[in-house]
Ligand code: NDP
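The chain below stands alone and is given as structure tokens, in the form predicted on its own.
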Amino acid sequence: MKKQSYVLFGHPVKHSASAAMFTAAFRTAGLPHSYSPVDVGTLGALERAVGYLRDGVYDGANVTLPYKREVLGLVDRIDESAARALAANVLVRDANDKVVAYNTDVGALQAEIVEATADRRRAAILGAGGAATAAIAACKALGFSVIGVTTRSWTDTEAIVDSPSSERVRAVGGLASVWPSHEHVQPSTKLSMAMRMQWTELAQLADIVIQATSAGMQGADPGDEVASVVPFESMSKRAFALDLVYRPPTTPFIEKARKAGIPAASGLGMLVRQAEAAYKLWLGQAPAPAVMRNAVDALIAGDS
């Protein structure tokens, strides 16, 4: 069998557990294939990397932050899964040497949410990037009626109006709200103050709150600021907190939730589910059960 090469495009990528998961799955299946992280620091570098996939240098690719949105403009076709999330995390080179963008994050998130809670009315989301729009799409597919979204750059209503990210959030079904914790920033309008309160009040009533930024991730912002805006103490103990960061497995967001008696989980389950779906897109068959999860568990255990 010809050796195939699969890669991860992103910046940074040193934290990623994808290579460990896919390598373990390939070896268990008796396949000679390889998987490597490729750090692409600019959009130009990403465009060249996608070109290498189109030319057959690579056989398939994952895409991680900060390019899950931007990569949509560089591919030949966008699958419905990526179109509804306005983001892609998997690239497939088809039989005609065309690059097709898919999103397996949404399905993975749906499965995680179904396991986490049976109450699916209100969701509160932190972040407005590709992971956040995938989270919105997952919540919409599960029938959530209200999905409130906020992010640190939305300091007032004017910032929301001028922000392309808020347009994308609204396009996939989210309600954009002012970031609630900029005490040093004076709201420029009464509406800004009302919207600031809106997200906090929604979060208090939320069935699930999803942390969809890189805050708390190895090598990123510590995560304390993001965790501090969630009113965990006044939330129902039936609510659930999901941090899409998986490394480290316990972040300030998770710590704060659990301290308030709110059950919480990292993004490890989502990571494994989306990777299993990517494997199937590339190879036409599922990986061996649990092999990816065991590989990433071993990797993260080695961090401590």
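Small disclaimer: the values here were computed from a predicted structure and weren't measured. So that there is no doubt, residue numbering starts at 1 and follows the sequence shown.
Not on display, but discussed next: the form predicted together with this ligand.
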Candidate stretches 206-214, 90-98, 72-80, 140-148, one within 4.5 Å of this ligand in the predicted bound form by heavy atom | 206-214
Given that the partner is absent here, does N62 sit within 4.5 Å of this ligand in the predicted bound form, heavy atoms only?
-> no
Distance check, R120 to this ligand in the predicted bound form, heavy atom within 4.5 Å | no
Does S234 reach this ligand in the predicted bound form, with heavy atoms at most 4.5 Å apart?
-> no
Considering only heavy atoms, tell me if L202 and this ligand come within 4.5 Å of each other in the predicted bound form.
-> no
Out of D221, E115, E158, E167, which one falls within 4.5 Å of this ligand in the predicted bound form, going by heavy atoms?
-> D221
Check each of Y279, Y246, Y35, F26 and return the one that places a heavy atom within 4.5 angstroms of this ligand in the predicted bound form.
-> Y246
Considering only 125-161, what residues come within 4.5 Å of this ligand in the predicted bound form, judged by heavy atoms?
-> G127, A128, G129, G130, A131, A132, T151, R152, S153
